[in-house]
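In the structure tokens that follow, a single protein chain appears in two forms: structure 1, then structure 2.
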Structure 1
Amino acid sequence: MTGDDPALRAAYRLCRRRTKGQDPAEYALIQLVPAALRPALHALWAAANALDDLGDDRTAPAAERAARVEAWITALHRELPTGSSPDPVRHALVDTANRWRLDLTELRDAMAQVQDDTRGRHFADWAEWRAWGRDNLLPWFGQVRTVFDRAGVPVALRLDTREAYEEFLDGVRLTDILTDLSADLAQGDLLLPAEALDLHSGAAADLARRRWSPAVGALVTHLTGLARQWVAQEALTRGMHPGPATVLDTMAALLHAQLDAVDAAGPALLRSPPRPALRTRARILAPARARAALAWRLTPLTVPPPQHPGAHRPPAPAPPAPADTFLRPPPHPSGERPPGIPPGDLPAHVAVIMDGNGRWARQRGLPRHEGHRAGADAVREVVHGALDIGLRHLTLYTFSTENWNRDPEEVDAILGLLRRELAENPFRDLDVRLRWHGRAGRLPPDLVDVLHLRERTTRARTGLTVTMCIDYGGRDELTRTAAALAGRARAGRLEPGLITEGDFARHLPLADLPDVDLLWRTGGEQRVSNFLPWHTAYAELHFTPGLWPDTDRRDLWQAITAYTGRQRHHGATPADGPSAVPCPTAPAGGPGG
């Protein structure tokens, strides 16, 4: 499978040996998949661990470790197009990426996280811990899922099992941390949230001194209990192809055995990593092997042939930008700069109904999907303009609950375009946080996957928040909010007669989306079309005749300039100046302003 390249064969062999030596359970799981897929999985596993090892190597100071991690990622970036590397693990990884058409940019944030981890970690609560673990593990598991996809065995996760999947991976991470407690403590690390440690008074101090105590014992019992709960996700594999389902079920059984070993270790847990007895593992693995052999026997696989360097060039993860530095957007081709509006006078939130794609295409004798494609270019341009002028929130009506009624070909074209835009990730190097607002149940799972990925990996960015409304409808949003409130009331946690506007706002599906200051619609129509009815209650409206694909950032600047000239008073007595009522979130009562 590696053609005639002896260096590549040796590289894959090394990855396999590393997996087997460093994590026999992982190796045993990979043995449950057909031989043609194993080298890719060994390469991914060995690469993830090589990076972790570089970040963890305490013989070097933190700055040196961070520099080594960065050098590793930069080298990968350089080597990917060549299909080769002097480092055997990277050699196998670039070959795997080329052969299976993996998009390694999705690993960029997970890799950068290894670099950040060299500075040490502290988690206040489970939410922080979970975000860290998911950022790291999910992208690597995502690559494994892509290999299965490309082989013709999609590991599709139903939307209702997404949370179960992420919680399962939390269980993997927690089991791993408990197993490696002795090694982490020896290095001065304790990768557990303060929220959990504080429940067992004195446990954190005892662990720091590597002293076993009743508090430490209680903490460990508490955590193994949690991990057991998280890895027991029976619904996860329901309906899945029996091959990957067997791998996941076996993984859960091995994790349970590992947690039993952690529980049984007692004080020895602080001296060395506990391992389940060989016969316990054999009891799990023997039937799993038989099940896996049966599951794969009837499945034809598509295995890509060896790649010649350059035949396919998937994007490499760009070397991580130094923390908190982002590129500026490219300037507008005319050289025009945004108007100098003081930040206090800018609208905080502009929402846009991007209308006119179809007419733009028709005017040119093109199919409608060409209008949407040109519309996507306009989106990039307007996001650049929003960054230029310093806007905080831009919300785009991208696909409405009513848009499903369009010709299925057009629906497919719009969803395909979104998928491609998100995969290409044009705002990767800009200070843009991406969010998604809409219903989960009807969109293709792979689109939802990439939306979640972009949300997760841009979560910490503080510049411009771009919220894409996809399968979004205002009445649907309000109905779901009412249902959430009804549920709380039925559970006795809310008194129906006392529900306030604030309670309603807190139960909206995207509760922290701020009120819209300026609602802008292109394409000449003057309607609000079921867009953000709660948030636009006091919005200024701006309608322009131009079609969306003809829009550029100067139109946004013009819309914002027009906004600054408006008198806003939200039903209060009009005052002087453009910012008479600076806070749009607190209506003063009375009939609307």
Structure 2
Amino acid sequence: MTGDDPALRAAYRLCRRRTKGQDPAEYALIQLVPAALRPALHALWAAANALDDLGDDRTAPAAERAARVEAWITALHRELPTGSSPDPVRHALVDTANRWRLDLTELRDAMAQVQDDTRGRHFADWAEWRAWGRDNLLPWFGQVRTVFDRAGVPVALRLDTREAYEEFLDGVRLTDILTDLSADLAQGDLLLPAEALDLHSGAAADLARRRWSPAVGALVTHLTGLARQWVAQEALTRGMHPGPATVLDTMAALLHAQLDAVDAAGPALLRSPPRPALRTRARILAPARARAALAWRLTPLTVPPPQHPGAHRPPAPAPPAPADTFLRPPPHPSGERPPGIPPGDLPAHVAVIMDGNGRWARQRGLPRHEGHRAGADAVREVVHGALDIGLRHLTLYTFSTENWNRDPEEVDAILGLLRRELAENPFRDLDVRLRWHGRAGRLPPDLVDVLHLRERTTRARTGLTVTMCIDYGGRDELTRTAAALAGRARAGRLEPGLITEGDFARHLPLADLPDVDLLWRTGGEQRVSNFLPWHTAYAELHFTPGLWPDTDRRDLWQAITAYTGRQRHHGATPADGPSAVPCPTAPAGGPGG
């Protein structure tokens, strides 16, 4: 795989030795994949570990460690186009990225997180802890999945296993933290959420003093139980190619063995990392090697050749940029600026039913998919207008659960357009956080992957949040929420007779989506079409006749202006009379009017 470059061969050998010496379990798992793929996986593991080592080196003060991490990332950014690096680990990573066409921008936030970790980490609850762990692990595991994809063995995850996959990685992270507890405590770190520590009074103080106590023992037992639950995701590999499935199943078995060792360590857990017995590992790995060998023997692989000058150079993860480096959206061609509405009068959340793409195309004698293409241009324009006016949340009804009933050719065109838009990433340089809200089970796995990629890589942005409702239905959302509540009640975690609106809201599939203030529909129809029924309970409704592809940012501004003229009481009696007269719905402005 490394061609005739002695320095590159030495770089990959170093990555292999480091993997084997520092993480024997990871090395054993990599041995279960075909030999042609192993150097790439060694390079990815060694790069992640090199960054962690820089961040964890307590012989240097935090500021110096953060500077070293930043220098490492900056060097990688500079070296990727050259195809080489004086640092052997980065040399191997650069070659791996170029050869396997990896987009290392996916690692930007994960690498930046290592820099942030030098200042110490404290987690109030499991939600904060999960976000931290997933932001770190998911991008690196995503690179491994891409290597398999490029080799012709896609590790496609069914949508109904997406949460299982992320929960599995939660189990990986928690097992690692429990294993390394002694080393972390020696450095003054306790990477567990207060929510878990508070369940065992005195455990946090005892751990800070590195003293084993009944509270610490109970905490460890509780945490190993959680980790076992998260790692036991049997449905995760169902239907997966037997090669990667064997790797994941073996990884789960090794994690269970590691958790057994944590449980058995007792007070020794606070002095040194526990390890499973060699015979335990051998009992797991021997049959796994046989299964993997058979699976790969029957699988043709596509292995890229060594890179040459001028070959593909994927983008490197740029150093973390401050928020004020985001670009402003391009101005409207007319030069018109948004109305000067005080921020306190703006709706916090505007939801849009983008209606009229098909009719727009039919009026022009074009196929329907041309209407959807023009509609995508209108989406860009409206997002620019939302940024211009300072809107915080914009939710777009992109593809409903009922849209599957359309002609298959049109459905394929819509999904293909979504792929292209997400791949092009037109909001890359804007302060836009992208999210996806929808039903698991029917979307193509590659589309789901890029949706989750955009979610991960924009998660830290604090400007406009754009939520794309794709394979979404309001009744389906409510049904799923009811099922979640029923499951909690059956498990004894909720009393059915005491369920409140707050309980219901917390069990919605996207529980942190705020209520909608303004629901706007284009295309002349005046119905809500199964869109966000829970969130729009008190929304102001705004219907305009213009077809969606003719819409631009001025229509959004006029909708928001009309909203500011409404009196909103949420069922209360207004101060100046017994009833309020709503402002008549204004016609759409701009070219859509």
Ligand code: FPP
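Basically, rigid core = biggest C-alpha set you can superpose within 1.5 Å across the two forms. Here the structure is a predicted model, which means the values were calculated and not measured. Counting starts at 1 with the first residue of structure 1 and goes up one by one along its sequence.
Source of structure 1: the form predicted in complex with this ligand. D170 shows a C-alpha shift below 2 Å between structures 1 and 2 [criterion: core-superposed Cα displacement of 2 Å]. Core-aligned CA deviation for R65 between structures 1 and 2: less than 2 Å. In the core-superposed comparison between structures 1 and 2, the C-alpha atom of R289 has shifted by less than 2 angstroms. Lined up on the core, R461 has its CA atom moved by 2.6 Å between structures 1 and 2.
Comparing between structures 1 and 2 on a rigid core frame, one finds that R359 has its C-alpha moved by 10.5 Å.
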